[in-house]
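Only one chain is included here, represented as structure tokens and corresponding to the form predicted on its own.
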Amino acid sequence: MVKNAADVVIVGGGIMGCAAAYYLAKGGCSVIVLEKENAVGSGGSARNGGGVRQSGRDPRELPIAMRGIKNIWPTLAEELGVDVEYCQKGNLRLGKTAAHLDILAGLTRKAVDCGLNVKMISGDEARAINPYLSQAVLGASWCPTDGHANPLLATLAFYRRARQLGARFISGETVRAIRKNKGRARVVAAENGLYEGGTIIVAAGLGSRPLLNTVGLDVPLQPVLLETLVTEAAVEMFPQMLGTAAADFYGHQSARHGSFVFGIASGYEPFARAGFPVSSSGAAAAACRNILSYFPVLADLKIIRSWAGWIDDCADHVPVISFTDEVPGLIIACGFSGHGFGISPAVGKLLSEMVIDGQPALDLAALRYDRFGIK
């Protein structure tokens, strides 16, 4: 008998693991969460621009985002007892060229087909929503129900409430393998001991792939560097979430303290050094040139800090949320490819449904682990 046992063992203490732990504990399950770092949320969960969006998503994950924004995010601060700085004031995805507008129009058509309230608007219509936009913006997609929140606060809020409900978090515990008993995933072998679970959830970001390999499964993940910067506080200017067709930046201004938070793409990401993620002044400078071409009014704002993290980028840039036929008792939740924060509450809820009800409330067949045909 393994001493450390629970109904569910979750590998990974990011926002996915913390959210799943909360909903599972709320549903009456005993839960152990294992996190290799010394603190929860040390990966991408606390290193992103905070987008809570539906627009611009792949249709396979869009229903998850729509469920979260309709049913969870509006009351999440009250439910968790923490102000997660959720602001639902819409999302402008901006374009400066005809090619950009074609990209946005294609994404908009797919989203409308899925029932999302999103539309293409002209540059002048975009400037009527946000008067700080430059004249270089020719058009945008506009989704009024999108928004943003604070990733670190949301992660810690889920962690706090899960612990209050009895979930046990063990940090600094590196997981080495999953072991089967009579064909079913039962034991997580970690550096400091064994943990037994009726169900094992692997939500360990990039660490998910080698762990799944120990039971003969594979999800094609690769590391991609994500960099984020935050500015000094500014007067209140606009509340919308922002993104671009070129995917060169995304971000928002915090309604609580006035700083701008931007996730950035400089073009240097493929050349990032392996190991601990480090932001670079060169990347920030390149990204700021892009940002200023859309918002020249921000030119005099000072950057007060920047940070970086590794994204678990999936081969088709869409997550894996799935039971596993070959290994009953094992659930995978990884590969969120840099856009997992906004759907994390809904994913946590779905994972709890998979355990407690035996199936999720949404059809996740398109997000199965075996869609890549890897043997």
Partner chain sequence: MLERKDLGGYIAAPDDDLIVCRCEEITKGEIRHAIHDGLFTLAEIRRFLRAGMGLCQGQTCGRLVKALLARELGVAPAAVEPATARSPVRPVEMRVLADNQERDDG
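As the structure is a computational prediction, the values presented were derived from the model and not from experiment. Positions refer to the first chain, counted from 1.
Absent from the display: the form predicted together with its partner chain. The rest refers to it.
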item: Heavy atom contact within 4.5 Å of its partner chain in the predicted complex, the stretch among 285-293, 95-103, 178-186, 206-214; value: 285-293
item: Residue (of Pro74, Pro131, Pro220, Gly172) lying close to its partner chain in the predicted complex, criterion heavy atoms within 4.5 Å; value: Gly172
item: Listed residue that, although its partner chain is not shown, lies within 4.5 Å of it in the predicted complex (heavy atoms), from Lys110, Arg127, Lys89, Arg160; value: Arg160
item: Complete contact of Thr145, Phe238 and Ala246 with its partner chain in the predicted complex (any heavy atom, 4.5 Å); value: no
item: Contact flag, Glu79 vs its partner chain in the predicted complex, heavy atom cut 4.5 Å; value: no
item: Close approach of Ala39 to its partner chain in the predicted complex, 4.5 Å, heavy atom; value: yes
item: Partner proximity in the predicted complex: Glu85 to its partner chain, non-hydrogen atom cutoff 4.5 Å; value: yes
item: 4.5 Å heavy atom contact, Asn150 and its partner chain in the predicted complex; value: yes
item: Stretch 299-337 - residues with a heavy atom within 4.5 Å of its partner chain in the predicted complex; value: Ala299, Asp300, Leu301, Lys302, Ile303, Ile304, Arg305, Ser306, Trp307
